[in-house]
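Given next are two forms of a protein chain, the same chain in both, each as structure tokens and marked structure 1 or structure 2.
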Structure 1
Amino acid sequence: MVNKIWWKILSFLLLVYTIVAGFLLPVPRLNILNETIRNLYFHVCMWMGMMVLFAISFYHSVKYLRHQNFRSDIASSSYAALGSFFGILGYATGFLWVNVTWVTDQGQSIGSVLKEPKLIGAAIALLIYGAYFVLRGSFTDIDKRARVSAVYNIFAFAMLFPSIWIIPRLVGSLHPGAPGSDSGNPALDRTDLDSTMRMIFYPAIIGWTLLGVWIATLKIRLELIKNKNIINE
């Protein structure tokens, strides 16, 4: 499937649709949020895309440990890099959103924004994958690097996900759907969302995620060319 072209076209079409419809179609007028609600199509999708990319990276790490194929190592590190990039983009889009909602209109201090459970979750994810790249950098032996970093990737991923599910239920949140607000589910609740917005939001998630996978495959191909002399197949 990865080598086919249809999903790249699909990704392109979905993103064109996301941007055009996302900026032009009507959205509910909510207090404080106002037009910034359109950021949902970008900010939340980064988060989803990050999780999917990390999951693919995890899958390739498992595959590496099973078959010791150098390609899986390259794939796993490329997907991890793309996942981190999406995480940073998620922070960037979130930062813009924070600036015009929580900070200015709700009067939240920077301290309370930074203690936001979902920010903690994203920070943990970024720290873990930062550590993953530091670990990779500290090896000179390629096989050893691939093996040890795959072990860390699997361990960290398995520890990361329970924590992403636990922490939001532990700490009060500013994000919608937190304990204390009207809906009880600290994850995403689909009944919260307006139906027109859902029509754009779901395709947007798929589009952005596919774009992430696309960029990662390009990165993998580049790495494979760079390491052509090591791979003998």
Structure 2
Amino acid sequence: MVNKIWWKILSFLLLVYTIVAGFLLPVPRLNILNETIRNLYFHVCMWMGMMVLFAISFYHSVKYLRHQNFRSDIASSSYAALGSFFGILGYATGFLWVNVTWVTDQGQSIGSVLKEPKLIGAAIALLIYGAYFVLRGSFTDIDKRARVSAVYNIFAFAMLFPSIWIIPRLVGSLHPGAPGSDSGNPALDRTDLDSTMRMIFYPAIIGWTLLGVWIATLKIRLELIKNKNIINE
């Protein structure tokens, strides 16, 4: 029993530590970012957690295509759902950050912000995963739904990298750290994160990711109970 709950306890403790230390401990005074850099413990960490959850979903899709195990289909869709949820939270916290840094401090218009390649790429990635769930809901045949969903999920995961990480870096961007950006400092640059922030940032990534896995496992268990008859056939 202990072996099954230790990582859940760890997730809880890390998130408590992230929230308390993230708001109370000092942060470096960087140009434009200032106190808003505390959002790093939420915005960036949720994106990191999203990538891990999508990667696990991708793994289960490949596993389903190899073994045709209905449990893998349920696991794949559950992790994709939690990854999408984390992506929405990451997008929302990022948009709040934008309103403080780009709009308030830099005087950028909302129109220019909405054209930002990083935001557009992230929105496209989330819409692709949104289409995944629409696709799943359009099938009544369980086997066909699982096969088509698995193939599409592999495509969706492959599209994450160009839409979020590659294309925005090839064009002009306001996002910190992008080529030609004058909107502040790249939050992940080693010169921007002091030792105190690193002590919070890395545990925060682990804590948020473990929380996502925790919720996904609960969702999987619920789906297995709901589909008990199908699994036992």
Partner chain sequence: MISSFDEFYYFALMNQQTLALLKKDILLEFRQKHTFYGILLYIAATIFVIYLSLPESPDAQIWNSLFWVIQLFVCVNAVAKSFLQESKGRMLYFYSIANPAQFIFGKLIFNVLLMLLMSLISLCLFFVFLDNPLSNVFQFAGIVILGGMGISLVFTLMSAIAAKAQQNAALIAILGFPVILPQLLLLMKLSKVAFGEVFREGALFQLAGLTLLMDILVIVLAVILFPFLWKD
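We call the rigid core the largest set of C-alpha positions that still match within 1.5 Å between the two forms. Numbering for residues begins at 1 and runs along the sequence of structure 1. Bear in mind that the values here come from a model prediction, so they are computed numbers and not experimental data.
The chain as displayed in structure 1 is taken from the form predicted together with its partner chain.
Core-aligned CA deviation for I142 between structures 1 and 2: less than 2 Å. In this overlay on the rigid core, F161 has a C-alpha that sits 2 Å or more away from its partner position between structures 1 and 2.
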